[in-house]
Every structure is written in C-alpha cells, then in structure tokens.
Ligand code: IPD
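Just one chain follows, in the form predicted alone, and it is written as structure tokens.
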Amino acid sequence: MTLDWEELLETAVNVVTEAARIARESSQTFEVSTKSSRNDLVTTVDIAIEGLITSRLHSITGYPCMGEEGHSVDSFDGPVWVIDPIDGTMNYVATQRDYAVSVALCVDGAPTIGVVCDVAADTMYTAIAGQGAWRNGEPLGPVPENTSYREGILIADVKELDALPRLAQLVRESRGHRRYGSAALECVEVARRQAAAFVHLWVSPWDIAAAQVICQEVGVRVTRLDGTPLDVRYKGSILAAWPQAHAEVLQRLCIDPT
C-alpha cells in the first residue's frame, strides 16, 4: 500500500496518540524488570505499546518495524518504522513525567517522518523532512542561527560531564545545565529553543530517529560528537545544537580546547 507523506504522518500520529493513552492509563498497573543493568528498565507497558505500534503500522503500511523492545529488521533499505515505545522508562517508573512515545519513518536509512509525544505534557511534536516541524499542529519556528552556547542551556548527563571535562567547562560558561532522561525530549528541547545544545555519548536509533527530523526541520545541526554525519542506523554519540552553538561546542570539545 502506497501512502503519501501526509497520510503516513497522520497514520503515525494516530497510532502514537493511542499509545500515549495506554501509557497514561497504565501508569499505576505495570510490572518492571531489568535488561542490561539495574538502571536499564523495561515495563510491561513498553512491551505492550511496542506491540500495538508495530502491529498497527505494519498492517496499514506493510513497512517493517524496528523497536527497542525486540523488533528488528534485516535491512534499512526502503521505508522502515523505528519505534521507541517509552523513551525515558526510568522517568515513567519513578516520576511519571518527561517520557515520550517516539516513532520515525526512515527511508533508506534517512529519517523522513518524525513523531514525538511528550505524554505527561500532552504535547505532540511532528515533522516531515523538507516540509517543516510542528508542535500540536502549530509550526515550530527556526532556532537562532547566531546565538552562542553561552547564551543557552546545555543538556548532558553526568556521565558525559565526567567523561568530558571540557564539556563540564562549557556548562560552567553557559546559562546552566539540564538533564531530562529522554533523548527524544532532550533533542526536542533544542528544537523548540529551550536549550542550545544536547550532548550524549551513546544513543540508539530509536532514541533519536524521530527527534532528528524535528530538529533538522528547524535548523538544528545534528551530528556525531566529532562533527561527522550522524547515521541513525547505528548507535553512537550525538551533538544536536543551534548552528553557532554547534560550531563552538565542536571547536572546544574536539578541535581546539583552549
């Protein structure tokens, strides 16, 4: 079945809306288990939502689905749905805020449609590559091109600050430091001009595929930490920042630390 971009986006939004409803309604009834470590959590809601999203999207579009909780693909050739059923599971378990349902459509490995729902805030961020980005249906304006990281908030985890002393210095020079625990929402904070940069040493495709489209459509530069292109098919680092802030952070972290 062939759908145009607007129809594909509408399909994704409808499925994500249903997934967000399930997350809210199940917030007191889930079971929790661990994966790679005591802080790497998965809940019965993560698994149920991924099952719902993959089933619905595949039945409507016929496209393969890749998800954090077990769905894999043999190839990124053609269109592939990339799904994070709950990005920020620790937040879902511990605080019931700052978690997202994230769905992207990648075409030959390039994120083309992005949907990120901030569930607790009841806010939907969407984008189509080359056509713009929206917040609850209203256009997201461009990020500032010529604003320094010194005039903005920097988002990074304590692990990044410990591993990158130069980044800790940049935080001291900036307006301050934040960490939300959901890579998708942290990218969106940069896209909606609430933070100048987001730095993380290790993200997976499902963490950032949808948010990458949203970011790029408003002028956020999204690369690996060393400035090389970010290929969402592979795990690795991310530097997402306003244009001048990106250049400055890259210069200070990787090129000229003085």
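None of the values given here were measured: they were computed from a predicted structure. Throughout, we count residues from 1 along the sequence that is shown.
We do not show the form predicted in complex with ligand IPD, though everything after this point is about it.
- Within this chain, G181 lines the site of ligand IPD in the predicted bound form, having a heavy atom no more than 4.5 Å away.
- Although the partner is absent here, H200 sits close enough that one of its heavy atoms falls within 4.5 Å of ligand IPD in the predicted bound form.
- Proximity of T89 to ligand IPD in the predicted bound form falls within the 4.5 Å heavy atom cutoff.
- In the predicted bound form, no heavy atom of E50 sits within 4.5 Å of ligand IPD.
- With ligand IPD omitted here, the record of contacts in the predicted bound form names 173-181 of 142-150, 74-82, 110-118, 173-181, defined by a heavy atom within 4.5 Å.
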